[in-house]
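Next comes just one chain, in structure tokens: the form predicted alone.
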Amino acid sequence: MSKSSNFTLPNSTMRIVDKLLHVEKSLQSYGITESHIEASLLAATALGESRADLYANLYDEIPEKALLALDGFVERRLQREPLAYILQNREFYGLQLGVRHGVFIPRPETELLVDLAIQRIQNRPAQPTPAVVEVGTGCGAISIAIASNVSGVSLYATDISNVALSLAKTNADTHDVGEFVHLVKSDLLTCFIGTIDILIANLPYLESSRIPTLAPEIFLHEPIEALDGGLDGCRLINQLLSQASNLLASDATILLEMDPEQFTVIVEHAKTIWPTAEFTRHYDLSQTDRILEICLNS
């Protein structure tokens, strides 16, 4: 027997608390682990209020319009559409960012990349102002987080997707950093001339063969071009480093997010370009290799 997709209880009226429990059980039955949190987020969004207000009014009746909206949200979630696409936002580095289909959803582990970038920018001399470039900005999460936390910094953020660049502009303007985040349509660094002091990238780094094995939220709904790094997952990263060889300052810093298994391959390639560079691995909260830092020696 297939699972029912009818989420509304037969009552003519329904309290928030009853509907919330029903949604949570529906999500649980489909193997969605954070069902309690997701149920409350979906319900609050359908009602157009915060989660705090939701819990303050648990015994209120749900308006019919909100009930229908919530049922629609749940239907989409049970089709394994990512929660962020349904809510049309994702929290990243303490910021609420708009997200949409066709643009990669920022992950919490990428916040480490922001931490390191902020530290390296602040450690450089204030004058001249460092040239900071992020490649593959997506919704703008990394550059916007940096610009929101470092006064006066100016960044160039690139992407090949018009959809991503449009969304990144909206997010930058929403957080009042539009004048500091300069969005550029470019295939990696092909449009750049001049000198880059800090290069930041979270490029697609999954091996092509792994894509079909990903969770359905990722494989079925997120843009494949934001995930697929080629046969070994290193294609775009190595291409970026080759392009950067004539653009980086003599004391530049490169910060790259990647799969732990790629560090050796990427380091070997980078050493052919910068034999005297220093290489540092940075670990995320799960103690997994996450960020490769390459420091050039002037």
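Sequential numbering from 1, following the sequence displayed. Treat the numbers as computed from the prediction; the structure is a model and nothing was measured.
A second form of this protein, the form predicted in complex with a small molecule, is not displayed here; the remarks below concern that form.
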Of P82, G98, P204, G178, the only residue with a heavy atom within 4.5 Å of the small molecule in the predicted complex is P204
Heavy atom within 4.5 Å of the small molecule in the predicted complex, from candidates L183, I218, I86, I121, belongs to I218
| query | Does F104 reach the small molecule in the predicted complex, with heavy atoms at most 4.5 Å apart? | reply | yes
- Query: Contact between E109 and the small molecule in the predicted complex at 4.5 Å, heavy atoms?
  - Reply: yes
| query | Would A131 show up as a contact with the small molecule in the predicted complex if we use heavy atoms at 4.5 Å? | reply | no
When the contact criterion is heavy atoms within 4.5 Å, does L227 count as touching the small molecule in the predicted complex?
yes
Which of 196 to 204, 142 to 150, 164 to 172, 73 to 81 lies within 4.5 Å of the small molecule in the predicted complex, heavy atoms considered? The stretch 196 to 204
